[in-house]
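Below, in C-alpha cells: the form predicted on its own, a single chain.
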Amino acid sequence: MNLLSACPPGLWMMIAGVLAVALPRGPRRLLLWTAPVLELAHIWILDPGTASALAVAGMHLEPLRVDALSRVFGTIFSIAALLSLIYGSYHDDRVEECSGTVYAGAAIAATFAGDLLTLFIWWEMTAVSSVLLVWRGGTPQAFAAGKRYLLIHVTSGVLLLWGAVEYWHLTGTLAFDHMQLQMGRAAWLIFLAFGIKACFPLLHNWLQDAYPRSTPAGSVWLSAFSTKLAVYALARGFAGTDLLIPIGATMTAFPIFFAVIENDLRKVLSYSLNNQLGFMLVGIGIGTELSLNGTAAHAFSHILYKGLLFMSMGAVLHRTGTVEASRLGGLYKSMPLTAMFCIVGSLSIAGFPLFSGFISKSMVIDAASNAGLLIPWMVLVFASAGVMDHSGIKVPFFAFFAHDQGHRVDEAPRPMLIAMGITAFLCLAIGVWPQALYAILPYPVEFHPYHLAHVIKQLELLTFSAIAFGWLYRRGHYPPEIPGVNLDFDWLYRVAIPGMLRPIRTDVAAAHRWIETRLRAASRTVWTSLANTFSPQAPFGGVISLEQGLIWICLTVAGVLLLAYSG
C-alpha cells in the first residue's frame, strides 16, 4: 500500500508501454491490456486526500495528489486506453500500441500531479508519445502534420514551464492550485499553455490538421487524451475565470460552419470535438458546482461517444480506404453493425434522451441559465442544434445511407466491433442510469436530467434540427459533399505568411549565395598562398638542419619575449 501511495497512477502504464516494445505479440497484448485495468484499480484504491511529497533542489514537489476531480478524469482515461487497445488489435502495430499506452499513462499521471513541474513533465510526455500516432498514418501529409503537431505541443510545454518558473518566483511555491489571471504574466503563460492544448479559437487547427491523418486506431487514441487533459488542467487551475465563457461559447459555435461544409468525415468529427470542448470551457468559466460537475461529466461522456464515432469512421476507412462523404454511402448494407454503433455515437453527441450526451451537456446549459448568462446560454442552445446537424445526422447519413457508391465490403474486423460494442453500451448505460456517473463527480449532484419539461425542450430542439436538415437536403440547399480544401485560420501561417515572406527568403538566399561564393574564393586564395609558401619547392618548404631549426626557435622565443615586455 505504501508503494501504491508513493507512485502516481499512470506510471505503470508508461513502464508497460516501454517494456512491451521488446515483447512478441501475445505477451505484449497481455501486458498492455492488463495495464489500464490495474491502473483503474490503483486509482480507486487511493483515498481522496492521498498525496506524496518530494523535495528537489529546494523545490517542494507533489508527484501524487488525489481528489474527486483527478479521480473522474483518471477513471475515464483508463477506460479509454483499454478500449483503444482492444480496437487497435485488429492489426499488429507494435509502435501504435506501445506509444498509445505511454501516451495514456502520461495523461493519467498528469491528472494526479500536485505541482506544476510534475505536470510539465507528463505534459511533454503526452506530446512526444502521441506524435508517433500521427506519423503512423504513413503518408507525407501525416509526417508533415506530425511535425506541426509536435512543434505546437512542445510550444505549449515551454510556455507551461516558463509560467511555472515565473509562478515559483512570484509565490515561492509550485503547487498546482487555483490561480487568478490578475496574478500577471505567470498565470497568463500557464493559461495560454493550457489553451493551446484545449484548442482555443485561432489555436485550434493542430487538431483538424493531425487527427484525420492518423491511422484508424490512432485517431481513437488521440481523441481521448490531449484535449481532455487540458480541460482538466483548466478546471483545476482556472475555474471561475470569466474569460473562459466567451472563449468556450465561441468554440461551440464556429466549428459548426466548417463541419457542415467539410467532406472528410474524420475532419468533421475533429471540428465537432472542438465544438464539444467549448461546452466544457463554458462550464469551467461559470465556476459553480453544477457547471464544474457538468464539465467533468461531459468530458467523461464525450470521450466515449467521440471515441465511438472515430471508431466507426476508422472501420469505414479500414474497409473502403476513404472517409470522404462524396465517395461513401450505402454502407449499411455491408457494415450494419458499424452503422448501428455510429448511430449510437451520433445520438449521444446530439444529446438525445437516454444517451450519455443528454445527461452531461444539459448540466452545463442549465448552469449557464441559472447564472443568468443569456447570450452564452443562447449560443449553447444554437450549438446543440448544430451538433445534431453535422455529427448527429451528417456523419452516419453520408457514410452509410446517402448516394450509394456501390461499396460492398466486409463488416469491420471483430476487435473493432467488440470495442465499438462496449463503448456503445457505456453510452447507453450512462444515459439510462446517470447516477452511476454523477456519483463520482467532484461535488454532490442535485440535478435531474429527466425532468419532463427538459426532455420535451431537448426533443423539440433535436426534431427541429432534423427537419431543417431534411428540408435543406431535399431542396438541394444543403452544402454538397464535394472534394475540396476548406480554408481555416491555419491558412494564414501555412500559406499566406510564407507567401509574403517568400521575397524576403529569396533575397536572403541570394545574399547567402553571394557570401558563400566570396568565402569560397577567399579560402581558395589563402590555401593557394599557403601552398606556394610552404610547398617543398617554396623558400620555407624545404628540409632544414637541426642547427637551423634551433636558430629559428630561439628567434621566435626572443620575439615573443620582446613583445610581452615591451609595454
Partner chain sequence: MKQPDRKHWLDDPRHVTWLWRGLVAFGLFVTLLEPLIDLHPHFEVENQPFFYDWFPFFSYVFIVLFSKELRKLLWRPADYYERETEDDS
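Everything numeric here is computed off the predicted structure, so don't read it as measured data. Positions refer to the first chain, counted from 1.
The protein also exists as the form predicted in complex with the partner chain; that form is not presented, and the subsequent description refers to it.
Enquirer: Looking at 192-200, 68-76, 120-128, 459-467, which lies within 4.5 angstroms of the partner chain in the predicted complex, counting heavy atoms?
Expert: In short, 459-467.
Enquirer: Could you check which residue among Asp177, Asp410, Glu446, Asp92 gets a heavy atom within 4.5 Å of the partner chain in the predicted complex?
Expert: Filtering the options by heavy-atom distance leaves Asp410.
Enquirer: Heavy atom within 4.5 Å of the partner chain in the predicted complex: which of Thr250, Ser369, Ser326, Thr322?
Expert: Selected residue: Ser369.
Enquirer: All three of His42, Trp162 and Leu170 touching the partner chain in the predicted complex at 4.5 Å, heavy atom to heavy atom?
Expert: Not one of the three qualifies.
Enquirer: Test of understanding: in the predicted complex, would Gln141 fall inside 4.5 Å of the partner chain by heavy atoms?
Expert: The answer is yes: Gln141 has a heavy atom within 4.5 Å of the partner chain.
Enquirer: Please tell me whether any heavy atom belonging to Arg524 falls inside 4.5 Å of a heavy atom of the partner chain, as the geometry stands in the predicted complex.
Expert: Contact with the partner chain, no.
Enquirer: How about Pro479 - does it come within 4.5 Å of the partner chain in the predicted complex, if we only consider non-hydrogen atoms?
Expert: Pro479 belongs to the contact set for the partner chain.
Enquirer: Just to confirm, Trp491 within 4.5 Å of the partner chain in the predicted complex by heavy atoms?
Expert: Yes, contact at 4.5 Å.
Enquirer: Though the partner is not shown here, which residues of 383-408 have a heavy atom within 4.5 Å of the partner chain in the predicted complex?
Expert: If the 4.5 Å heavy-atom criterion is applied to the partner chain in the predicted complex, 383-408 yields Ala385, Gly386, Met388, Asp389, Ile393, Phe401, Arg408.
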